[in-house]
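Only one chain is given next, in structure tokens, and it is the form predicted on its own.
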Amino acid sequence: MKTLRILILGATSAMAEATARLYAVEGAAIALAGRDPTRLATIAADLSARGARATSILARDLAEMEGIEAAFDGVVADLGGIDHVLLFYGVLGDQAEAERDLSEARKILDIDFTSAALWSLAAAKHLEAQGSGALVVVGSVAGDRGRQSNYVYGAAKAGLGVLVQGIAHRFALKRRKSLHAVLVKPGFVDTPMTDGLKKGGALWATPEQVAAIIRKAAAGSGPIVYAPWFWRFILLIIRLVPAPIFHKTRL
């Protein structure tokens, strides 16, 4: 059985770690990328104990936009090729602060859109050249409609979503079933990133629930997957609400 070779960008996030564990039990070779080398080493040891064939670490600030292509190529060389690239990282940011201070807005946009887009394009270039592989980018339902509570974050995720849809279209024209790109849109997920929100209720998912959806998406679904599935219909309703009514809400 072929050993899958995986690169996880933003590997210290709760959803990324839960997804990496699914690959580990399959015996995959996994490269973990993120800022915290100590935390990455801890996750790598856990994945090895769970069955990962090999693990490696790329310790760097993924929002740093210099040298992305060289770093990506280095990981591919270390793994001996690559099958799945999964992008998880991002920041929720502070909407109110972003409205007062453009540097906060720029930080959110740079991390959640610009750098993520460059990593996605580097991955797409390599996967297209080899003629196979999956690019899975974790976006957000926040990108489906601008809301006063988080529209800077939502704008970045919307832009990233369009970029991934374009890559999916580009791949589809190659007519290779083994080559695809997927945008996964989680709703509320109980992670440290959402600690500032009131949690609980039927709309909240665990990182493990979303990880299972992401792993399935990497195997061949897409180009847009809501996680869990019911967010597709919730966001459809939200998008269809007329602006005069929508603007009376505080969403």
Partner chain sequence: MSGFISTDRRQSWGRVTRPTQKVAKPHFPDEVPPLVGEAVRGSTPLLAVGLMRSYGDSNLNPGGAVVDMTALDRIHAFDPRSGVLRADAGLSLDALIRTTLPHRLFPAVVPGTRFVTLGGAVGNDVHGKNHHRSGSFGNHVRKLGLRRSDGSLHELGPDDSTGLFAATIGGLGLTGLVEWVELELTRIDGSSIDGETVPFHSLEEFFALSDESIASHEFTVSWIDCTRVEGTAMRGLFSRGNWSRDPARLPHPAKPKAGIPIEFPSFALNPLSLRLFNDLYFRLGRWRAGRSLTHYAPFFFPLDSIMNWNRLYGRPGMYQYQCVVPPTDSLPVIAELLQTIAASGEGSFLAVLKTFGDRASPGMLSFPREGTTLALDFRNRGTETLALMARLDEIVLAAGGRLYPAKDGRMSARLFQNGYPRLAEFTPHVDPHFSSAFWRRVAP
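Everything quoted here is computed from the prediction, not taken from an experiment. Numbering follows the first chain given and starts at 1.
Just so it is clear, the following notes concern the form predicted in complex with its partner chain, a form of the same protein that is not shown.
Asks: Quick one: find which of 212-220, 66-74, 178-186, 34-42 has residues within 4.5 Å of its partner chain in the predicted complex by heavy atom distance.
Replies: Going by heavy atoms within 4.5 Å, the stretch is 34-42.
Asks: Check Glu26 for me: does it contact its partner chain in the predicted complex (non-hydrogen atoms, 4.5 angstroms)?
Replies: Result no; Glu26 lies far from its partner chain in the predicted complex.
Asks: Arg50 near its partner chain in the predicted complex, any heavy atom under 4.5 Å?
Replies: Arg50 belongs to the contact set for its partner chain.
Asks: How about Asp61: is it within 4.5 Å of its partner chain in the predicted complex, going by heavy atoms?
Replies: Asp61: no contact with its partner chain in the predicted complex.
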